[in-house]
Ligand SMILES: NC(=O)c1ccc[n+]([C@@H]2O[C@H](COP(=O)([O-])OP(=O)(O)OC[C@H]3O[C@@H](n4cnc5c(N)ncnc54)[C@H](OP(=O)(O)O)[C@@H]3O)[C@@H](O)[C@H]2O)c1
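The data below hold one chain only, encoded as structure tokens and taken in the form predicted alone.
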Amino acid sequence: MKIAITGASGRVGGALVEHFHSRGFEVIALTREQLDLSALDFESKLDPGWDVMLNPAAMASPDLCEQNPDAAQRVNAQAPAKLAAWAARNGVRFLHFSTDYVFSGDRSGKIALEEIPTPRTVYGISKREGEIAVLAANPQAIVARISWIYGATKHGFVDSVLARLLRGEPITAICDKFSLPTHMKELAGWIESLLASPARGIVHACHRGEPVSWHGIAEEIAATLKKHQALPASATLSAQTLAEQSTFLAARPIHTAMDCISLEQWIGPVSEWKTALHRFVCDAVTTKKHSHPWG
């Protein structure tokens, strides 16, 4: 099976390339240089001989989107719609990635698939418009909403916190924004399972479990390290509010944790986020003990 993956140099795209290559699939890794979605003239670079196209490519920085709304609209909405329409015409299975930021984040608790998104940032609006356009152009497509990815080749918040705690450095993390962290290795497995199923439409591709803040995740990591006697005494953890975070240009939604019922309907039960996180931290501790310091 031939699987084309956009955004192949990005966090999610790169990890998907590694996963499907390791599973024996023929992978066509499309970096931005090979397939620039912002140009919207890319159809001649697409091959109808592909069996599947995964589209994790996006303008994913909320701040960058806020500064460049036209570019965000092209990359996050118009380009996915063109890809989806092309896939439908050529019989190519299409899976597009979206985000928990399509929700306003006004209400605590977990968000059901039936809840209608009301995004309030350029990033969230452009991604929501992308969802709608993809499914209008290709009703057989899958749209996978994801959140807070870690464990990929390119590091995110969880990876950074783990590395810094292992080095005994102080950590400051936001305590009043809530979602669910997602282990990239497990997400890649879910995507493979979705492709093997008759899935279509939107799914919330996330772990089970209760919503957690970035600070709460950091606490879980520190507690696991301490349990395994791998937390240096010099490591400290403090809380910060969104209002105190001066580097954000775009507003962040507060409550965006999604339930995973829609995913489990297609592929069966998925793990709790704490279980996946503990396993990830334990693997890092084992690596550190048997080689050089992690990170």
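Don't overthink the numbering: it's just position in the shown sequence, from 1. Since we're looking at a predicted model, the values are computed, not measured.
Absent from the display: the form predicted together with the ligand. The rest refers to it.
Annotated contact segment (heavy atom within 4.5 Å of the ligand in the model of the complex): 139-147, selected among 139-147, 215-223, 198-206, 114-122.
Residue Lys154 is the only one of Arg167, Arg89, Arg107, Lys154 with a heavy atom lying within 4.5 Å of the ligand in the model of the complex. Note on contacts: among Val27, Leu35, Ala257, Cys260, the single residue with a heavy atom within 4.5 Å of the ligand in the model of the complex is Leu35.
By the criterion of a heavy atom within 4.5 Å, Pro253 is excluded from the residues contacting the ligand in the model of the complex.
Of the heavy atoms in Ala58, some are within 4.5 Å of the ligand in the model of the complex. In the model of the complex, the ligand sits beyond 4.5 Å of every heavy atom of Thr275. Using a 4.5 angstroms threshold between heavy atoms, Ser271 stays clear of the ligand in the model of the complex. If you take 99-130 and check each residue for a heavy atom within 4.5 Å of the ligand in the model of the complex, you get Thr99, Asp100, Tyr123, Lys127, in sequence order.
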